[in-house]
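Only one chain is shown below, in structure tokens, and it's the form predicted on its own.
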Amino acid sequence: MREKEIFTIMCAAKINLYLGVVGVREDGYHDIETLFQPVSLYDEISFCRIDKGIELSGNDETIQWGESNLCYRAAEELFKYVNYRGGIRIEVKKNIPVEAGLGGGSSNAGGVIKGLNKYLNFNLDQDELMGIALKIGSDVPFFVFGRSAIGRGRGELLEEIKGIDGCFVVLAVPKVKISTEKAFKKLSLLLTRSESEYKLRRLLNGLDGFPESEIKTYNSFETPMEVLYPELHSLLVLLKTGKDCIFSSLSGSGSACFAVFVKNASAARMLDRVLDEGYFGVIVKPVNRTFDIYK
């Protein structure tokens, strides 16, 4: 393959500025309300055409790069939808920690759907892409949607919002991995819809006045995961004590946590503390889209 035939897409991580679980559905999934915010930590996915089939590989040996991988499934569902008979080679360079509540796998799947739609000139519209995304996973439609959003239902009912801006976010990940399925099994307390709506509206009102206003957030998984994983509790305590920290929380069902700062110097001091304690850590910024495409 000539270099000019390689197509690359950068796939952003997300944090959940809010996450309330409000019920159990008849299909076994949970109803949630959440606030998705893309951030500037990216995986890189490259595509090139081959004669037939789907070839998937990646730089993380802990990940299974076979037919069960979300990227493979995304390509498979997309090809089935358009009746595509050609082939594709997909290579993934991972930077987003896995099983950490940062949406790396879902972001990659969304990147495959969006990237192949453009690269192979399928010309599917947004609704078609969103329908394919939902077959892969509950968070995948958000990444195809592509912007900061409130998510309801399984997370696929999306309402665009402004999101957060003008700040620095310390991402920190303890040495534990939490599967979403396991996290939901440990979840015993569900918010009522009115409780969740009140908490979410309170956060949105705070974000409207950011950074001067007080901001209170919530994550239904935070307390049960702290009980289950003492290391996670210690990390959250560390972040909450950071000087000039505006607010902090667990992201998704964990194990990644985040703390928001207005000043880069304050974020840098917290990052030093996070790294000194042996956690993975990085400073990121909020961004306004989930993908950047490069030919």
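Numbering starts at 1 and runs along the sequence shown. Predicted model only: the values in this text are computed from it and were never measured.
The next section is about a form of this same protein that is not shown, the form predicted in complex with a small molecule.
- Taking a 4.5 Å heavy atom cutoff to the small molecule in the predicted bound form, the contact residue among T223, T180, N205, N95 is T180.
- Comment: the small molecule is not present in this chain, but in the predicted bound form one of L239, I63, I32, A267 has a heavy atom within 4.5 Å of it, namely I32.
- Comment: 132-140 is the region of 165-173, 189-197, 132-140, 85-93 lying near the small molecule in the predicted bound form, near meaning a non-hydrogen atom within 4.5 Å.
- Looking at G28, you'd find a heavy atom of it within 4.5 angstroms of the small molecule in the predicted bound form.
- When contacts are judged by a 4.5 Å heavy atom cut-off, R154 counts as touching the small molecule in the predicted bound form.
- Under a 4.5 angstroms non-hydrogen atom cutoff, the small molecule in the predicted bound form lacks F122 among its neighbouring residues.
- Among heavy atoms of F184, some come within 4.5 Å of the small molecule in the predicted bound form.
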